[in-house]
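Here's a solo chain for you in structure tokens, the form predicted alone.
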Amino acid sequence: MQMTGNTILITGGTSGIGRALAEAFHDRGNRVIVTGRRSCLLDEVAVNRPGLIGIPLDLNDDLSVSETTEQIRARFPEINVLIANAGISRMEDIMAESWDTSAAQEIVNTNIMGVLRTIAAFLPMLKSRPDATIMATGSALAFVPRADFATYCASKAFLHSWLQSLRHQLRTLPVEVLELSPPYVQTKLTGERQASDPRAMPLTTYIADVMRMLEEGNHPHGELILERDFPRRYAERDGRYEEIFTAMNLT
């Protein structure tokens, strides 16, 4: 992936990892468009970072997806980098009498179908570019799950598999397919507490590591994953899956 001179579209770019990536790429001289559901956050991005372009988009609303993608295609036909970052996380207590599939459905709609809708909308544009990149945000939890975030972890495992297939199908085209697999990072993905949790990796540190890996081309098999997460990534290969799963899910 080239690091400058791109026109980059980032979904879920108004907060957390998406916003931090948007600012990091903007600092390197790229034109960056971010989308999100909350207009107040889009306004905040525009005020705090002149030059970033914010556009409302609800990936769970078919009309919003259709209208917004047509607008973006018309205004920014030169887009050559798509970062499908929008995602949500919910804790699930499947043992609870009140448990139902509503949270799971919301996660699947956003984390899986939202990514697929985004890529489907912009892939025709990207296939015509000589220097295109698709990046989707997965999770290190795709490889060994936290059982209390069952559907969230499963949605990221789905993306890991699906992106491998996408990469293979696009192998004859100059479209790079990357998978970003963050660890536990100080964002508000699961709520306010995570943003200040000392156990979580500082967001600025994580983004600096990601940008360094991109600059160095350090992403074997298209995967951007920190060395600290290799034990989870290769748990099955190394015969440590049960050990690591148990350690992660002590109650």
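None of these values were measured; they are calculated from a predicted model. We number the residues from 1 along the sequence you see.
The protein also exists as the form predicted together with a small molecule; that form is not presented, and the subsequent description refers to it.
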query	finding
Contact test in the model of the complex: I225 vs the small molecule, heavy atoms, 4.5 Å	no
is_contact(T133, the small molecule) in the model of the complex, heavy atom dist at most 4.5 Å	no
is_contact(N30, the small molecule) in the model of the complex, heavy atom dist at most 4.5 Å	no
Non-hydrogen atom contact S66 with the small molecule in the model of the complex at 4.5 angstroms	no
Proximity to the small molecule in the model of the complex, single hit among N60, N48, N218, T204 (heavy atom within 4.5 Å)	N60
Options 52 to 60, 66 to 74, 22 to 30, 209 to 217; stretch whose heavy atom lies within 4.5 Å of the small molecule in the model of the complex	52 to 60
Candidate site S15, R38 and T187: all three near the small molecule in the model of the complex by heavy atom within 4.5 Å	yes
